[in-house]
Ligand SMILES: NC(=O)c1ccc[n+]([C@@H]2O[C@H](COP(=O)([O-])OP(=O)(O)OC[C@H]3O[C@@H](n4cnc5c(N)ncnc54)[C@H](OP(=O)(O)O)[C@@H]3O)[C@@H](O)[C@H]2O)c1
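Here you get one chain, nothing else, as structure tokens; it is the form predicted on its own.
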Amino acid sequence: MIDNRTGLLGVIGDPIEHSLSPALHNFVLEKLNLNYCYHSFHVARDRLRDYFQGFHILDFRGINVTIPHKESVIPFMTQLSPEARILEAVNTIHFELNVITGYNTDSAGFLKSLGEIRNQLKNNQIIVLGAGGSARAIIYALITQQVGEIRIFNRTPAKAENLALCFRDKMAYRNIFGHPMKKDQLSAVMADAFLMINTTSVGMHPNVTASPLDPAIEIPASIGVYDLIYNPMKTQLLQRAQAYGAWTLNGLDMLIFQGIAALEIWLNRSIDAQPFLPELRRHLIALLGDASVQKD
């Protein structure tokens, strides 16, 4: 029950109405029997400063940040975590006294979602489809796991090449290369790759018949295919990968674990989600029956 001791948490974005974050966080908070309430706030870009003043006055413990504010909130931060500084994007904010700290939990959420597969990343070749903000978080995570090589494929080759240069500069990682999204090049790299990760929104609801891959490209059975999209749960890309015999993952667990990582920051405690993880997955999957749910 909400009372005068209830801690305040939330998420800001534009749009925000159909975010899964309130359902995710309030479920976990209830399971942990913690007196917090998590709300969503529709915040236009020109109202960011007003809302930050309001969060401070109302003594919020923390907020999440989604599209399009992950970069725009940085000037309001007192300090940034190493990940947020390198990624130049914030998805989690912690208010503590007069200090506002910006974090990025996407990389941690991605690695946690891999489970035991995480232990197999080292020295392997990884393909990343897309060169936007999600790609940055994934690439950062991969580099921390000492992968052997990263190949970025993007429809705008210059964006892929620039992203590769960015990580060579910021993390001194040399085995990263940008490529155009061309059938022959991608097919050749896929033959030796351990994992391919789609970080684009191609195939997300409502465009569920779309795929980031050319239909003529065959997917080797030896590769893993991870699509960060979770709406739908099985995209065209994942359906094709399974048809070729490849192992697959969707982005639901990344959403869950990046959210739990944010809670750990705000609450200053570790959270073992395993006892309620199956129930949480079922809860969120049921909500995905509403076709209007957006990707955070």
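The structure presented is a predicted model; accordingly, all values stated were derived computationally and were not measured. Sequential numbering from 1, following the sequence displayed.
What comes next is about the form predicted together with the ligand, which does not appear here.
Q: Can you pick the stretch from 79 to 87, 171 to 179, 194 to 202, 143 to 151 whose heavy atoms fall within 4.5 Å of the ligand in the predicted bound form?
A: Stretch 194 to 202 is the one.
Q: Is the ligand in the predicted bound form close enough to Gly115, Gly224 and Ala246 that every residue in that trio has a heavy atom within 4.5 angstroms of it?
A: Answer is no for this spot.
Q: Would you kindly say which of Leu237, Ile260, Met254, Val43 lies with a heavy atom within 4.5 Å of the ligand in the predicted bound form?
A: Here the answer is residue option Met254.
Q: Between Ile126, Ala131, Ile93, Ala108, only one gets a heavy atom within 4.5 angstroms of the ligand in the predicted bound form; which residue is that?
A: None of the other options qualify; the answer is Ala131.
Q: Could you confirm whether Thr156 comes within 4.5 Å of the ligand in the predicted bound form, counting heavy atoms only?
A: So Thr156 counts as contacting the ligand.
Q: Check Trp266 for me: does it contact the ligand in the predicted bound form (non-hydrogen atoms, 4.5 angstroms)?
A: Outside the cut-off, so no.
Q: I'd like to know if Tyr36 sits close to the ligand in the predicted bound form, meaning any non-hydrogen atom pair within 4.5 angstroms.
A: So Tyr36 does not count as contacting the ligand.
Q: Examine Leu228 and determine whether its closest non-hydrogen atom to the ligand in the predicted bound form is within 4.5 angstroms.
A: Within the cut-off, so yes.
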